[in-house]
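Just the one chain here, the form predicted alone, laid out as structure tokens.
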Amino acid sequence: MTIEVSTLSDTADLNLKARVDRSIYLSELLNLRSPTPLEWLNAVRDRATAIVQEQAIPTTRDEEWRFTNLSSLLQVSFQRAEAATIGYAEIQPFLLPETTNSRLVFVNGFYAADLSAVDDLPEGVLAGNLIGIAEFIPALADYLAMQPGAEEVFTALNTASLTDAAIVHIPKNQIVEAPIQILYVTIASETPKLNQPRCLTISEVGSQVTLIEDHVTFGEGVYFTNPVTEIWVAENAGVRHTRVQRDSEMAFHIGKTAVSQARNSRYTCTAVSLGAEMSRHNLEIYQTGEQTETTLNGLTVLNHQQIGDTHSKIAFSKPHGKSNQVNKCIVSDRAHAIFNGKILVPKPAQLTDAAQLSRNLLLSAKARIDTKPQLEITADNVKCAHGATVSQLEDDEVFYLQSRGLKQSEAQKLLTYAFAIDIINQIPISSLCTILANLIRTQSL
């Protein structure tokens, strides 16, 4: 009989091999990029490429990824997404009546001008694709890929592969009444594809805009969507941002939203995640001015064996900043939800008022939730609070509804719907509220 003894050297070799394999896989994703027709963009891409080449796909040994295992992603070989044609009738169910004349549509990451409609936007407002309107925004290079956190591996991968993007520019003191919808459509196919959409929104001093970012799919199939959205909110400006992710349940979705807020600005984000086999949303807010307000609302609904991860960060840097965050997860079957919310309050950020709440609902014995609200405070004159709850449906509430004539399953669905609707109702577009409410009501949980 032979007994094999694993030494520390053997373990180190295995760890090195695993990192090398993940580095090779990341390099293969990087090699899928195509050239850009914009010469000035090459410098941006080259900087990001250098960052990617020094990294690897994260493992559960990385603190930021310890609850989210990307091993299943590494089992798939992806090809670059290609341009595809789709008709107006096919995307019509995803179009909102409030955005009839204010929408941008991208199919597999490619701008679909024939499906977009931006002609009736107020004078001075620019909305379109990077290739089409870059010449009209001279300072574009000062904003694109300039948010903090650009070195994160998937963010850098998106930047290194950047060829086109959705661009929304709101000039000084312009109030845009109609919401602007950016619809990202992925057409699933037998061959797994990599799709890396990009969005840049610049809201100048005193301006206001409502932005809808919607990720949808046609067909069932494996694909990987790696979107990045950058939002710049200037002094006394306001941005209301709704982000909806409803990808195929066979998809991988790792998204980034980076927001920079100047003095007296207001930013509200309502993020709803329903699809994908494995999804993650990295939401980072940087308050760079005084008296800045941030409101974050999040809802993740998972079933089967889905994994949904929300990592948020609100970084204060000046006095009198405010933030309020409520994140809810509904998890059934064998699904797994993760929430990690950081609030950073350094010493200069005196008189900060920050609140964070993570509420989670478990609908089965094998569902799992890992939640970690986190405060890092070095300022000494602040008002900050955080909390987390994980619970099941209350038996007496279910019984009460049954006593009023509802079946047990109907009572459970009604209570689950009531738990979710608080977040849905924060969306400022009534038609989208109705669509998402119906999805929650009919979803098998």
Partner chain sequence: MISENSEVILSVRNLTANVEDTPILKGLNLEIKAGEIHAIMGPNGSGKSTFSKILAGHPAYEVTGGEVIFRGQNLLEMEPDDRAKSGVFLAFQYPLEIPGVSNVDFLRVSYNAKRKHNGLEELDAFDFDDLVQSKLELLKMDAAFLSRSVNEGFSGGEKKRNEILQMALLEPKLGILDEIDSGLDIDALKIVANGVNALKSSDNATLMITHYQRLLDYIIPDFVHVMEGGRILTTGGKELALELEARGYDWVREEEVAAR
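Remember, it's a predicted structure, so these values are computed and weren't measured experimentally. Numbering follows the first chain given and starts at 1.
Not pictured, yet referred to below: the form predicted in complex with its partner chain.
The closest heavy atom approach of C384 to its partner chain in the model of the complex falls outside 4.5 Å. Interface membership of A43, defined by any non-hydrogen atom within 4.5 Å of its partner chain in the model of the complex, is ruled out. Using a 4.5 angstroms threshold between heavy atoms, E397 counts as touching its partner chain in the model of the complex. Its partner chain is not shown here, but in the model of the complex it comes within 4.5 Å of a heavy atom of G405. Of the residues given (A418, L393, L32, A50), A418 alone sits with a heavy atom within 4.5 Å of its partner chain in the model of the complex. Contact with its partner chain in the model of the complex, judged by any heavy atom within 4.5 Å, is made by just one of I377, A388, L26, L401: L401. With its partner chain omitted here, the record of contacts in the model of the complex names 409-417 of 32-40, 409-417, 53-61, 66-74, defined by a heavy atom within 4.5 Å. Interface residues of 370-387, taken as those with a heavy atom within 4.5 Å of its partner chain in the model of the complex (partner not displayed), are absent.
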